[in-house]
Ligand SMILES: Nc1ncnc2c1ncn2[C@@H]1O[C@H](COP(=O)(O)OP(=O)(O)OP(=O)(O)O)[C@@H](O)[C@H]1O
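Starting off, we have a lone chain in the form predicted alone, written out as structure tokens.
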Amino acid sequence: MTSTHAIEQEAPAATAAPSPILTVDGYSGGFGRGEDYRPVLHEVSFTVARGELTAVVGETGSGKSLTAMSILGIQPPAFVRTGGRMEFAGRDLLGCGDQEMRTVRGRRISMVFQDARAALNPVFPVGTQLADVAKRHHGMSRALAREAAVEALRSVRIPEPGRRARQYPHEFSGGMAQRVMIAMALLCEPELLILDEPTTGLDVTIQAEIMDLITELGRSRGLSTLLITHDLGVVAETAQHVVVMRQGRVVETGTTAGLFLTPTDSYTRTLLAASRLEAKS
């Protein structure tokens, strides 16, 4: 991944922001009950604009992934929400029942987790797993689902997709396995794609390829994307908007150019300084 130098050359002219597809407003909660209650999220608020990529950055334990999981209602069972709302395309996510949430999860909002190999079932070929998603969400016949699986692999630039569809997860590199998970998420044709540290554990070249793929797919499909990451180099190259979290709180939000050029929070400045040092090393 290249350094953040390019973004520091010139900030783009301001333009009207697209309407948000996702609004997180005052989301709060923690773990435990009574005297044992421990708050971990404190009035988290941000929006994700339609058709754009918004990155949530912060150190490990800042609450990024927990917030992302809460959007899909897959937060740990021990988590207790104490306030706030989450609205997706006009729908109150926190007010959805289990049945209604199943129509949103995967079909309208998809999520790609950082450990692709752990998310794939090791005993079935990847094509079978993709075809199952196509059948479940689109009601396709077995034959059409197999074709959709191969096409999905092709769409994420996996070479020889017909042959690779017959292979098992252990036959894929980390980068290729992550492409499979992106293909699986996009098979559902979601409006919002959430990516939780999608380049963790990949070498720099593969990281760049994965993020290039994500931005290209987002642009070609008009997809709204929420990227959870600690890598500001990735953010500088891909995101239009940035949300900075620390210790369960949002400390700063803004356009990528604005935040990189004129950060207002001391923690953001610390992150940027560390990222520049890392880029020079």
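Computed from a prediction, not measured in an experiment: that's the story for all the values here. Note that residue numbering begins at 1 and tracks the sequence as displayed.
What comes next is about the form predicted in complex with the named molecule, which is not displayed.
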Worksheet entry | Site test, E59, K64 and E197 vs the named molecule in the model of the complex, non-hydrogen atom cutoff 4.5 Å | yes
Worksheet item: Which single stretch, out of 251-259, 65-73, 45-53, 216-224, brings residue heavy atoms within 4.5 Å of the named molecule in the model of the complex?
Response: 65-73
Fill in: Contact test in the model of the complex: R38 vs the named molecule, heavy atoms, 4.5 Å
yes
Discussion item. Pick out the residues of 230-269 whose heavy atoms come within 4.5 Å of the named molecule in the model of the complex.
Written reply: H230
